[in-house]
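Encoded as structure tokens, the following chain is the form predicted alone, with no partner shown.
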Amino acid sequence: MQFNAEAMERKISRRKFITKTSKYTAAMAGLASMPGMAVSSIFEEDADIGIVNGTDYYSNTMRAIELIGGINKYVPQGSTVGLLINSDFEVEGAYVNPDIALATIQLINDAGADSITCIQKVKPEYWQRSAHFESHKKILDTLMQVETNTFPSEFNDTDFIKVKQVKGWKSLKETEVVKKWLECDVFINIAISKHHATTLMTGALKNIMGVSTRKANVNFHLGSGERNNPIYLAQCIVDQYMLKKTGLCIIDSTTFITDNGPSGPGTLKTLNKIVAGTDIVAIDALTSEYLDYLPEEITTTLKAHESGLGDMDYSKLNIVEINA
């Protein structure tokens, strides 16, 4: 797949993008708050990407997912769900707001999933940062976790599997990933659009390093023979992502760091946006602009586009953005 540079020159500015979606925003301003009115019922078809603006992150996560068809479209009853939440940081703007993760878990539970597993261990204090923690204790008690997958994780035969020489790989020769990631029926990636020192942005693509061991991730950074070679790192990320299709992606673009990532502290930017969809490449392309980058400046996005994981020209998609 060749990247169409001419097409990307048609990059939608924020002003044009808001104009494009203003009819949806206007509709939602009056209708979304009406009792019994489902967000999706206002539109003729499901959005490819749903964006909700506002400060009620819990409710807005649910609305973003409803814009793209609702959780039942992605989580069949009785399915096993694997969650990857970018939670293992301490500084504001470096981790996904827990309200977003809790809202997603509530929806998955309501959809009748058989089980929900956090593919990377989530510490108790992460959930406790949410005002919804107390009311969700019962659901949180049902969550399963890969306890040994906490940074920096070490390989063990119970929780991890070695994968070698996959067709389509361009940089990776082998990796070590969590078994539950490959085994779950539905994989849901909950990431944040924050800065990263090497890849410029974390987002959905970079977040996938959370399913692999320290040894595998060291290879991502050093395997080219040059420390933190951004092209090699990006292709390794893309190669690993080829192992499992993303069922649903949610990006926290509420408050995030724009420098000194991934751990911060850094300069905070607040947009109060929650983004949901399934095309991880398009979503990363879109949210990279929230960090004032062009999509083609993010090497992970460009390499994922070239490898066929998705389409970085998000202007082709039906994007619905609303104010809650």
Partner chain sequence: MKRIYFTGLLLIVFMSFSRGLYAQQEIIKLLPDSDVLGNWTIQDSAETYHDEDLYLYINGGADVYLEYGFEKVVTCRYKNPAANRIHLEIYQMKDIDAAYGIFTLNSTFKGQPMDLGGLSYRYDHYMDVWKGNCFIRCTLTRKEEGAQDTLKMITQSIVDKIEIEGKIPLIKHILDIEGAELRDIKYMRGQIALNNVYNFGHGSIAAFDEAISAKTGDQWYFVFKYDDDRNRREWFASAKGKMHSHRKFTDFVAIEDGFTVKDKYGKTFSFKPYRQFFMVAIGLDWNEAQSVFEQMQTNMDRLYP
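Keep in mind it's a predicted model, so treat the numbers as computed, not measured. Positions refer to the first chain, counted from 1.
Not pictured, yet referred to below: the form predicted in complex with the partner chain.
- With the partner removed from view, the residue among Phe89, Trp169, Tyr232, Tyr74 that has a non-hydrogen atom within 4.5 Å of the partner chain in the model of the complex turns out to be Phe89.
- Between the partner chain and the residues Thr80, Gln145, Thr198, Ser224, the one pair within 4.5 Å by heavy atoms in the model of the complex involves Thr198.
- No residue of the trio Gly54, Gln106 and Ser130 has any heavy atom within 4.5 Å of the partner chain in the model of the complex.
- Here the chain stands by itself, but in the model of the complex one stretch of 46-54, 285-293, 60-68, 272-280, 285-293, has heavy atoms within 4.5 Å of the partner chain.
- Taking non-hydrogen atoms only, Ser115 never approaches the partner chain to within 4.5 angstroms in the model of the complex.
- In the model of the complex, none of the heavy atoms of Thr255 sits within 4.5 Å of a heavy atom of the partner chain.
- Of the heavy atoms in Val218, some are within 4.5 Å of the partner chain in the model of the complex.
- Interface residue remark: Arg214 is counted as part of the site for the partner chain in the model of the complex, having a heavy atom within 4.5 Å.
- Residues are counted as partner-facing when one of their heavy atoms sits within 4.5 Å of the partner chain in the model of the complex; in 135-152 these are Phe151, Pro152, in sequence order.
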